[in-house]
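Given next, in structure tokens, is a single chain: the form predicted alone.
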């Protein structure tokens, strides 16, 4: 429930949710929640609706696509108040006292230029390049000029990791974290960190919109989320995309001059990306189905545990989680570990347990392929040649290793039955990044 007028600044919601005491505000704007012409379309998520599926009694319609975010229908209006940017202008809001490298400084200055000149830009930086820290200078400029800023990602885990880092860097600026599982009530804030789904709740709110991990599911190729982004940003706002593995859509935007681009091919600590070691195991898929693992895999897991070396163990499918867990338990390997996947109800708590070193390792699907950092970890991938692992996913998975300056290297082990095209492509991409880094 909306409790204060400021909670409507740059937000959009159904008039059904609006308290009666706010219904007659002179600054309140209204627009149709469902456009009837030329075709039936939701004004919040942009979905083109099938009239039969969307039909309500008495010739009314609703949106069945974004129904989980409360109903949009022809019985009620979308209401919002234009973003007034009611923020104090702080000349130096940045409380982070770290140092950027020379290359990071160049990228940070570029970010400021993007924000100042309201550009659309892609920052293509390798995993572990320090993208978050490179944003600080630009965010500081935005705060000094009273801008409203959003950092969005398709993944909850990325948002949860970003939130305390942004809070710590801008201690005197209100920051809010929004995602589907968040229990924090909404409050008007200058900096919003949220999942891309949450952007559907905003309308022309942000002067600066940063999309992290822009190439990842569910954002990549999702018309609804792209529609939400274009609605959430002001018509003259600045847009910055961040990723280590841009997809073909982004690169085509660059080729068509719709996006400017900058590239950072080396990590903040100056070390190269760890390259995967390929280990062929016959009948690996069948072994996992039988809740069994090859002795070489079990020996490596036991060795890592004895060395107190923490690691991530990736599997392609949710059904593999229980099978691999059972195989490790049957081998009598003594360790604290757990499994996690995207719809796991305890996902946030399990990731936190891994981050806080309460787990020796975690068996995971691709949900932890990017956007999360567990310093000093190694990576093992079972069935790396499975079709579920794209080359970009494997690059991101390999990028979980060597992210800290204290341990800038580590093991990246791909266990597979064949040295398939996606595995070869992953190896090639990492080598190319490292070659570019060598030339700097």
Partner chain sequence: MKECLLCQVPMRAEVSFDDIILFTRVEPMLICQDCQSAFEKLTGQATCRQCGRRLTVVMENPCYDCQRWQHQISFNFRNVGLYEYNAAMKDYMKRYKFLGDYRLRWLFAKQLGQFALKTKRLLVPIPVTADTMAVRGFNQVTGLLERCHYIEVLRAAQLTKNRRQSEKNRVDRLRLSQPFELVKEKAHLIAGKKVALIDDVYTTGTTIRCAATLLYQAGAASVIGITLAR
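No experiment lies behind these values; they were computed from the predicted model shown. Residue numbers count along the first chain shown, from 1.
One more form of this protein exists, namely the form predicted in complex with the partner chain; it is left out here, but the text below deals with it.
A heavy atom within 4.5 Å of the partner chain in the predicted complex is found for one listed residue only; from 30, 53, 405, 27, this is 53. This chain appears without its partner; in the predicted complex, the one residue of 338, 73, 133, 113 with a heavy atom within 4.5 Å of the partner chain is 73. Taken together, the three residues 57, 62 and 67 all lie with some non-hydrogen atom within 4.5 angstroms of the partner chain in the predicted complex. With the partner chain omitted here, the record of contacts in the predicted complex names 74-82 of 74-82, 275-283, 296-304, 249-257, defined by a heavy atom within 4.5 Å. The shortest heavy atom separation between residue 16 and the partner chain in the predicted complex is within 4.5 Å.
Contacts between stretch 399-430 and the partner chain, counted in the predicted complex as any heavy atom lying within 4.5 Å, involve no residue at all.
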